[in-house]
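First, one chain by itself: the form predicted alone, in structure tokens.
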Amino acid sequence: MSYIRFDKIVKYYGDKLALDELSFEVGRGQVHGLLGLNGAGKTTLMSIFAACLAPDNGEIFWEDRKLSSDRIFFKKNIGFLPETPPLYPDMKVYDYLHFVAELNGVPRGEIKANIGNAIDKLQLHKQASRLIGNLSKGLKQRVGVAQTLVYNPPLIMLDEPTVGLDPSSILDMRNLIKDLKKDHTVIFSSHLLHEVSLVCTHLSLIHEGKLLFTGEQEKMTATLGHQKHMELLIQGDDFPAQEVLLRDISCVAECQFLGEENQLGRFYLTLDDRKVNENEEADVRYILLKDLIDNGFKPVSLYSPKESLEKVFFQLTDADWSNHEENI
């Protein structure tokens, strides 16, 4: 049985479809990233899961419990940090955490220990007696995470927790999320691809309300990225002419001659999406090699170049990679 299961979640804002039958699972103990550009639907999905927003259709299951019939259970067992932390600037850090603990029904005898544990994890000892309004953005973000811990929920949900932080605070937040995995399942949303690649074990890629991929992060780059691009080494001569002929192979959409060495020509192939999708259950390399041999080519090697998470993301969302490549 899956730990958390999202089943065909639909949400409209007026006539705009924000979430289009999203279905995926989150395993116990994962750091699961919700990855997508701004406006993809990540915050809407998290707000629904935290029982702050009602879906128009679909259901969320927490083992044998349903969100639609057990909203209080979901609220009590999720520590939710929205993108803008729900802080009170005129309260001191310790007093605020005490207030949150009481609000969430922590037994009186456990409040002090729970606050101490949250302060320890977030390294807020020096700030405990300070007014929240006088803290830096990075420290406020830490207080925001601390308030998700004071009632010790099994699941922590963080919406864009590194946005606007300085490099040092981003590193602190990254290390904290990794540390939270020891005792909690973590769902972490971001449009910052590099952050997701460093923090998350699994991810769900959302684009314009649709789910494009869900699973292990390495599988996304190893399978989706590699199915689309190949490097080919062939024997022969007059390789510029062979570059033209390679474009006529049924699996190949684009071909670029990379150079020649020891009578071997190296080519970078972009495969035809339709052919890849038609044969998604098979290894596309086998199909491509068969086509090459049937057309008289002499392949020596065929392999998938390592693709970055960022590049695969832009390929899947049909965004223009050339505008981002130099900045990644």
Partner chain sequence: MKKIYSIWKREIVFYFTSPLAYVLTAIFLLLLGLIFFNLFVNFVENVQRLNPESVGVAGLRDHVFTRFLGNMNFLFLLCAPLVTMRLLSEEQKQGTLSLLLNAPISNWQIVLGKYFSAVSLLGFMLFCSVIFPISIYLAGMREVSVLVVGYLGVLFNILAFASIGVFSSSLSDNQLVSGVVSMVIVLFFWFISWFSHSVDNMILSQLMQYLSVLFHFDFFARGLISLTSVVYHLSFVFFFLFLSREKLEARYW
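All values reported here derive from a predicted model rather than from experimental measurement. Numbering follows the first chain given and starts at 1.
The next section is about a form of this same protein that is not shown, the form predicted in complex with its partner chain.
Trainee: State the residue from 102, 216, 248, 208 whose non-hydrogen atoms include one within 4.5 Å of its partner chain in the predicted bound form.
Mentor: The option sitting close enough to the partner is 102.
Trainee: Could you spot which one of 293, 52, 37, 264 gets a heavy atom to within 4.5 Å of its partner chain in the predicted bound form?
Mentor: That would be 52.
Trainee: Tell me, please, which stretch of 86 to 94, 239 to 247, 179 to 187, 252 to 260 lies within 4.5 angstroms of its partner chain in the predicted bound form when heavy atoms are compared?
Mentor: Comparing against its partner chain in the predicted bound form, the contact stretch is 86 to 94.
Trainee: Applying a 4.5 Å heavy atom distance criterion, does residue 76 contact its partner chain in the predicted bound form?
Mentor: Flag for residue 76 set to yes.
Trainee: Residue 137 near its partner chain in the predicted bound form, any heavy atom under 4.5 Å?
Mentor: No - in the predicted bound form, heavy atoms of residue 137 and its partner chain never come within 4.5 Å of each other.
Trainee: Is residue 71 a contact residue for its partner chain in the predicted bound form, using a 4.5 Å heavy atom cut-off?
Mentor: The answer is yes: residue 71 has a heavy atom within 4.5 Å of its partner chain.
Trainee: Considering non-hydrogen atoms and a 4.5 Å limit, does its partner chain approach residue 153 in the predicted bound form?
Mentor: Taking the distances in the predicted bound form, the answer for residue 153 is no, it never comes within 4.5 Å of its partner chain.
Trainee: Would you mind checking 146 to 174 for residues with a heavy atom within 4.5 Å of its partner chain in the predicted bound form?
Mentor: Read in sequence order, the lone residue that approaches its partner chain (within 4.5 Å, in the predicted bound form) is 147.
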